[in-house]
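Shown below, as structure tokens, is a lone chain in the form predicted alone; questions about how it binds or moves come after it.
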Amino acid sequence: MSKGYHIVVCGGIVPDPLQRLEPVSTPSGPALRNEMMLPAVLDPWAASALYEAAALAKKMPESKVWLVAAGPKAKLQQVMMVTGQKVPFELVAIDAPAGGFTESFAVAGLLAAAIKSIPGLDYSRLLVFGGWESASRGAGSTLQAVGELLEISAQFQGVDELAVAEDGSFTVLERVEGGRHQVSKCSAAPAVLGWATGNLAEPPNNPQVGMANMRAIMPALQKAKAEKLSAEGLSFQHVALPAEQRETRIVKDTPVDVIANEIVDWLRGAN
């Protein structure tokens, strides 16, 4: 294979999951309490896809990685200051609302339009990466809709591994029920891959990569086009935190075997 891939990673920003996220009702619909004050991060599922894209681009000469990210411009800048130090990429920013209470197909439309606007993008070499799920508004459908809007029929969801052959074909391992993987082979790009957790650890911060990325990130943020997400026909009956359940006993001098048997009995009862 003489040429590498053009890899476009779709990723949104989400409130840091380590914070307490409390849904509230507002005049414009459901939201999170003090949402604009919460620190943001790149969606963890999308982050896995970004790291996989960077690893693939490093292996394949002449490859290039773009990150198409939607979110309020100020929040995007905050997140890119951290994410930009991990791996090299070119940012395509969309100044749009971010949150868990938006229509996934409307988000897909923004992402697909942004991908189509990338100068010099070669569809014959295109791989669209993203999260199989999302910590925000993925609903398991956003990436699939992006693929349909780009007229890409080869789609793989729940991907854990991608292996490229010399002839340009690639093998994909997708998660299926029962803790197993489905093995699929695709003859060539374009394709859409929704990543699960993959096999890569989070890359360490690299100040040199960060400086190189920021030269392009800041201009990309400045020219980010403001977009609105239509909520027509979208309504929420009720939003609430998941119910918490805690059963705690404090005991002393209990043998390990007894504790283990109690845990096994409790697990059997829960199922």
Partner chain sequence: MSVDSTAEQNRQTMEADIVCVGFGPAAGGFLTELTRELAQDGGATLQSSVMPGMPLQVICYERADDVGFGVSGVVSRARAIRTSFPELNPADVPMAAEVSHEEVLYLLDPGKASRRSALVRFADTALRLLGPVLPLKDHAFKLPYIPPFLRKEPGLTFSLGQFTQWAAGQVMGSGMAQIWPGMPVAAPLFEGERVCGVRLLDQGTDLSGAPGDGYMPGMDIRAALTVVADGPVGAVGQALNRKFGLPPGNEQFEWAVGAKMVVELAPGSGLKPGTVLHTFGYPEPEIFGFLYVHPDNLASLGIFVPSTFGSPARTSYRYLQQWMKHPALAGYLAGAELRSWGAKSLLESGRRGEPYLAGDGYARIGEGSGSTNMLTGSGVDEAWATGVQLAQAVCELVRAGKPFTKANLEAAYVKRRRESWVEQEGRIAEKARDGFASGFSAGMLGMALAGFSKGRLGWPVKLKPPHERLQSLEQFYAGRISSVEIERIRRESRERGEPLHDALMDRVGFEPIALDGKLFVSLQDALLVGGKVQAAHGYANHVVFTHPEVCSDCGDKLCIEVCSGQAIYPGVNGVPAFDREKCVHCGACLWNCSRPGPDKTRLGNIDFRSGSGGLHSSQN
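Quick caveat: nothing in here was measured; it's all calculated off a predicted structure. Positions refer to the first chain, counted from 1.
Omitted here: the form predicted in complex with its partner chain. The next part is about that form.
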Hey, with its partner chain in the predicted complex, do A55, L91 and V164 all fall inside the 4.5 Å heavy atom range?
-> no
Does the 4.5 Å heavy atom contact test between M214 and its partner chain in the predicted complex come out positive?
-> yes
Does its partner chain get within 4.5 angstroms of any non-hydrogen atom of M81 in the predicted complex?
-> yes
Spell out, yes or no, whether the shortest heavy atom distance between P61 and its partner chain in the predicted complex is within 4.5 Å.
-> no
Using 4.5 Å between non-hydrogen atoms, is A226 touching its partner chain in the predicted complex?
-> no
Along 185-210, which positions have a non-hydrogen atom within 4.5 Å of its partner chain in the predicted complex?
-> P204, N205, N206, P207, Q208, G210
